[in-house]
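Consider the single chain below, provided in structure tokens and representing the form predicted alone.
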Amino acid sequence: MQIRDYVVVHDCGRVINPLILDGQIHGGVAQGVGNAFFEHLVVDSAGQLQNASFMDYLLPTASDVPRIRIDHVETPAADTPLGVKGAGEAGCIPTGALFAQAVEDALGIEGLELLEIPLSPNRLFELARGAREEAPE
């Protein structure tokens, strides 16, 4: 997987500390990458967690997180004293869906609709194979 460009434009109201704000967005993107490609809780039929260590539960590392270009739109919130809004969500909330859509588009397989994350290589292979088998000839 190679992410060529990642851009976040966010309206968090008045920007108080640009460096901390950028850090929140970078952290959110890292969390979103984890949700999209790595993090998956496995539980057995009794609800017991089966991958409770970092040996089994994968997280993204610095090499998995792309370079991020960030821009801010400042529309002060009318209902907060400083005009600020939330900031970290811009990085993590849309990431899984946008990567699923990008992978779906890049593969170009008729009938393939990615509706789940994480997109592990094995699961992605299964979904792609299923779409090809169901495609009309």
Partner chain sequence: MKPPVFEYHAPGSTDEALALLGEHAWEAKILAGGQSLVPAMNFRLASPAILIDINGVDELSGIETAADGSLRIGAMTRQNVVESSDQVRAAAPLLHKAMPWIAHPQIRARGTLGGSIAHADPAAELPAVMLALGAEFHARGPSGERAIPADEFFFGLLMTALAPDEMLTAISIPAQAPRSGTAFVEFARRHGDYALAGVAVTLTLGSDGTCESAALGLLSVSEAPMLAVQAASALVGTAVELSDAEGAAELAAGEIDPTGDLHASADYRRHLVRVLVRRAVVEARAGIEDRG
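All figures in this text were calculated on a predicted structure; none of them were measured in a lab. Positions refer to the first chain, counted from 1.
One more form of this protein, predicted together with the partner chain, exists but is not displayed; see below.
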Subject >> Contact test in the predicted bound form: Phe99 vs the partner chain, heavy atoms, 4.5 Å >> reply: no
Subject >> Non-hydrogen atom contact Thr61 with the partner chain in the predicted bound form at 4.5 angstroms >> reply: yes
Original post:
So in the predicted bound form, does any heavy atom of Val42 sit within 4.5 Å of the partner chain?
Top reply: yes
Original post:
Does Thr75 reach the partner chain in the predicted bound form, with heavy atoms at most 4.5 Å apart?
Top reply: no
**OP:** With the partner chain left out of view, choose which of Asp56, Asp71, Glu110, Asp105 has a non-hydrogen atom within 4.5 angstroms of it in the predicted bound form.
**Re:** Asp56
**OP:** Name the stretch: of 22 to 30, 48 to 56, 89 to 97, 76 to 84, exactly one has residues whose heavy atoms fall within 4.5 Å of the partner chain in the predicted bound form.
**Re:** 48 to 56
Original post:
Across 24 to 38, which residues bring a heavy atom to within 4.5 Å of the partner chain in the predicted bound form?
Top reply: Phe37, Phe38
